[in-house]
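In structure tokens, one chain follows: the form predicted alone.
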């Protein structure tokens, strides 16, 4: 994969930051777009080598003006985008009895409407790549109900968005795929206050590992490696795919006798 230009939303932490690290290590130029200046500072403290190699931008994927401004910036500086990763997302917990309309709307806005706005706005620059790739970071919660009604619905919608766009944009030689992680150790649960403290979160991770046939929860690198492949020319005949990267949780079967 020759040096290319990639746009990653939600690139200042977790899976998005790991994707950026892998792409930069291969010599590619990356534009990051995320909401929190604090997370950008945290990312640069964690990975100081990214300083000057990544264009970190602040804004909201649900704000059309923010995305249009980013588009003009990228168009003027690079003139093309070879790959887009729709990674920005938020998480909550709640059933239909406990989740508010405001929470429902916010989750769907960020997790589903955001990718739509970004993909629609940047389509002219993706067309110029003559072989671009869009990767949507979905979730196994979109394939099998999780602990959040709104999150599960938003990710199921993102998968259908992927399938529709794959057919819609194929004639432009733009591929579109979803990567659906299982439980991955990142900051998202703590940043979204799903757990009251870090120890409770770590206990959950430890308890969850036994449900995975591989025997562990995921790492950001597990996901980033698959994303990097889908962005590359090696995946030039893969489009419209929904790819669980989940340590086997989707095939977990507690009726199988444990191995000695």
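Numbering follows the first chain given and starts at 1. Here the structure is a predicted model, which means the values were calculated and not measured.
Omitted from view is the form predicted in complex with a small molecule, to which the following refers.
Spell out, yes or no, whether the shortest heavy atom distance between residue 189 and the small molecule in the predicted complex is within 4.5 Å.
Flag for residue 189 set to yes.
Is residue 59 near the small molecule? Define near as a heavy atom within 4.5 Å, in the predicted complex.
It does: once the small molecule is placed as it appears in the predicted complex, residue 59 has a heavy atom within 4.5 Å of it.
Though only this chain appears here, would residue 15 touch the small molecule in the predicted complex if you measure heavy atom gaps against 4.5 Å?
Heavy-atom contact with the small molecule at 4.5 Å: present for residue 15.
Given that the partner is absent here, does residue 88 sit within 4.5 Å of the small molecule in the predicted complex, heavy atoms only?
Residue 88: yes, in contact with the small molecule in the predicted complex.
Partner absent here, but in the predicted complex, which of 96-104, 121-129, 71-79, 177-185 has residues with a heavy atom within 4.5 Å of the small molecule?
Only one stretch qualifies here: 177-185.
Partner-contacting position among 150, 137, 165, 112 - heavy atom within 4.5 Å of the small molecule in the predicted complex
By the 4.5 Å criterion, the partner-contacting residue is 137.
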